[in-house]
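The data below hold one chain only, encoded as structure tokens and taken in the form predicted on its own.
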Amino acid sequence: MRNLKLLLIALVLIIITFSLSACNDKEQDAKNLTTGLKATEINNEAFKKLFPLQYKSYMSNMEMEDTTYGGSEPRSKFSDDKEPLLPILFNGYPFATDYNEDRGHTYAMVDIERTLRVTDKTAGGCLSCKSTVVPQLIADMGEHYWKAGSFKSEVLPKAKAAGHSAVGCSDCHNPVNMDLRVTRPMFIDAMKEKGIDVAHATKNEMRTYVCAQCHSEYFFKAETNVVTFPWKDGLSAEAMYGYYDKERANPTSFQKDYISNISGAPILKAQHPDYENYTQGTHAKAGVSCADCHMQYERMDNGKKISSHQWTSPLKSMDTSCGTCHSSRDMKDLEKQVQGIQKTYKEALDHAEEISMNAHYYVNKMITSGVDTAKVKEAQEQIRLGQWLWDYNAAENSTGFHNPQGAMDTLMKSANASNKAIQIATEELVKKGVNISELKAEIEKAKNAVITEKDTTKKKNSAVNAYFPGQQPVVPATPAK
């Protein structure tokens, strides 16, 4: 009996040892697994045979749908049912001529070639988050890649010759072993400035960083035209505004994105600060990554489960995107809660936008009425702050959900700053004998002219008139091809 027990124990140990060895072998095989692709592979089609389910999911980004607060239909944001008054706020900048709804990543190259904002003066850096070939071009072209005017003449032709793809596989994965990776040097540099070495990031951190390398605010460095993230002082709207003010203190550094053609104020244009807003919110603080919500598990036709590569709103797949963590919640109730947050936010966003627009016109009247330059500049500074705090929220893609409380606080500060500009203007205009009631009526006329102009490329021209003359020469819109 004793010998039998010993024999059984020995057999169990052998089985356990064999099993552990097998597991270790599988883990080792997984670590050593290679795709057979070259490290320089940048064509999405090359990944299709190896990862057909993920590729099929990725191609779902071609689907287009209009939604309550956005959508991916190729429509102008200036449409009557969208935001027809934006050409007032962006007057003097290409965004006042052409500003369309964001479409899926698969349309990145199509849309950047079609937009009227791209001209013969466009910098090469504008390709930086549109194409899989960008890391290679930066390495090959060096500083010349960022040069103003190089987009159409050099960068885009080189990208096409290299057989690039729109944002895709190699942007986030090492083609050799499919490990997550960051490919944009400007993100690596920005994180390093904050004391973070991306090379030592955890897998969960990488599930956010691969998105953050593009879904972030940036500007073109004045000295080099290099895409730069204004993160040194923090990621909040206020912190980045402070950073921009420090840059501005040096006359040779970045000063502004454009001068408003209505108020003459030096304006900062926010560029999709999704990552920054997310970092300030509840989900980020709880350790939830971008992929947790935007790359939820999905069942394919053969029943196999994969991470979705159709990057869209979690509201479209709440059972798997939200239900994973909020399993105790009824999804319909949760959806109503999210919709309530977004509705309240949108109302605050529109309120701040309205005050900002009015402020531009008030300052325009200050200029034409001969108000003291110092007072005009004081009001312009409040316009700059107010519009930045508004745009920090307007330019991101979650309709306030990435950071609901922070968004509402920022929009309140935006409204306060814009109202301050109006207050300064009103006090000075009254001294000049300007009829404020008449001024308000003229503002409404200008807004109505913008709304009734059906050619979206010409709305910006309707924003100025004899009562509110433009502060810069009007540049005719380039005809669409």
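When you see a residue number, it is the position in the sequence shown, counting from 1. What you see is a predicted model, and the numbers here were worked out from it, not measured in a lab.
Here the subject shifts to the form predicted in complex with heme C, a form of this protein not shown in this document.
Trainee: Counting only non-hydrogen atoms, choose the one of 230 to 238, 282 to 290, 189 to 197, 256 to 264 that falls within 4.5 Å of heme C in the predicted complex.
Mentor: Checking each option against the 4.5 Å cut-off leaves 282 to 290.
Trainee: Would you classify residue 344 as touching heme C in the predicted complex, given a 4.5 Å non-hydrogen atom cut-off?
Mentor: Output for residue 344 is no: heavy atoms all beyond 4.5 Å of heme C.
Trainee: So in the predicted complex, does any heavy atom of residue 456 sit within 4.5 Å of heme C?
Mentor: It does not: once heme C is placed as it appears in the predicted complex, residue 456 has no heavy atom within 4.5 Å of it.
Trainee: I'd like to check something about residue 148: if you look in the predicted complex, is any of its heavy atoms closer than or equal to 4.5 Å to a heavy atom of heme C?
Mentor: Flag for residue 148 set to no.
Trainee: Please tell me whether any heavy atom belonging to residue 169 falls inside 4.5 Å of a heavy atom of heme C, as the geometry stands in the predicted complex.
Mentor: Taking the distances in the predicted complex, the answer for residue 169 is yes, it comes within 4.5 Å of heme C.
Trainee: Please state whether every one of the three residues 115, 356 and 390 places a non-hydrogen atom within 4.5 angstroms of heme C in the predicted complex.
Mentor: Verified in the predicted complex; spot residues all out of contact, no.
Trainee: Quick check on this chain: which one of 164, 365, 184, 158 has a heavy atom within 4.5 Å of heme C in the predicted complex?
Mentor: For this set of options, the contacting one is 184.
Trainee: Identify which of 244, 219, 93, 275 has a heavy atom within 4.5 Å of heme C in the predicted complex; exactly one of them does.
Mentor: Filtering the options by heavy-atom distance leaves 275.
Trainee: Output the sequence-ordered list of residues from 53 to 87 with at least one heavy atom within 4.5 Å of heme C in the predicted complex.
Mentor: Stretch hits, in order: 54, 55, 58, 67, 69, 70, 71, 72.
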